[in-house]
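Single chain ahead, written as structure tokens, the form predicted alone.
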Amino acid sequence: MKEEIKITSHFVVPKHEILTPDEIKVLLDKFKISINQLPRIAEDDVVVKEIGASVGDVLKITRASLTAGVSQYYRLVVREQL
């Protein structure tokens, strides 16, 4: 029997959260940007699949930082096109 590995439980994988529509609006207003100006993450990324995110979702990624302590990044889930 093949053991299933949960990638998000590994210590080197930062916390990924799917933002609500209200949280997305606050984020875009705060930085005065459109959703298409966010950095992208592919829908077939292992973490995206594991947390159940879909194309159009915005992820908040919280990472440990040596200089800032904790830093947050945001990514728009997109369908990868060749």
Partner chain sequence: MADMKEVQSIEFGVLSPKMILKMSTVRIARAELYDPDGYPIDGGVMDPRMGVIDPGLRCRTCGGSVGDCGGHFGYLELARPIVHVLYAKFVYKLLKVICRKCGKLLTGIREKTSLKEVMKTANKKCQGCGEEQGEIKFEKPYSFWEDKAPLNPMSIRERFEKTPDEDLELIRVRIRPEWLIITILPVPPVTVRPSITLETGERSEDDLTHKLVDIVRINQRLKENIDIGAPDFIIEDLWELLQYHVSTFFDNELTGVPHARHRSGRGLKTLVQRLKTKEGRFRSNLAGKRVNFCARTVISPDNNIDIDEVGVPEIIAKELTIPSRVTDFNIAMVKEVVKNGPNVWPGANYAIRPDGRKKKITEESRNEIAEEIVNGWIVERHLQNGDIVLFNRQPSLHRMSIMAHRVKVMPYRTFRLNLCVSPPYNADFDGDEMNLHVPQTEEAQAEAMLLMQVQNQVRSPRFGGPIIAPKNDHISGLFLLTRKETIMTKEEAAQILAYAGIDAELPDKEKIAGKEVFSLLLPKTLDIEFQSTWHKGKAEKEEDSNVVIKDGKLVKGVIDKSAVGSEEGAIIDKIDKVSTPQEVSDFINKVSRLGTAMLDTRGFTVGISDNDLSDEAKKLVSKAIKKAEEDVADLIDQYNKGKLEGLPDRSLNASLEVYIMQRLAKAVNECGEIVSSHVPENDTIFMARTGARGSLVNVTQTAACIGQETVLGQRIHRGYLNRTLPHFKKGDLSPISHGFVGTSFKAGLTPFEFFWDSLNGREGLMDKSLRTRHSGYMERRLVNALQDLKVKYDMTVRDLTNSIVQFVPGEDGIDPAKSNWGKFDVDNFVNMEVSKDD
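Residue numbers count along the first chain shown, from 1. This one's a predicted model, so the numbers in the text were calculated from it and none came from an experiment.
The next section is about a form of this same protein that is not shown, the form predicted in complex with the partner chain.
Although the partner is absent here, Val48 lies well away from the partner chain in the predicted bound form, with no heavy atom inside 4.5 Å. By the criterion of a heavy atom within 4.5 Å, Arg63 is counted among the residues contacting the partner chain in the predicted bound form.
Taking non-hydrogen atoms only, Ile33 approaches the partner chain to within 4.5 angstroms in the predicted bound form.
Although the partner is absent here, Leu38 is a contact residue: one of its heavy atoms lies within 4.5 angstroms of the partner chain in the predicted bound form.
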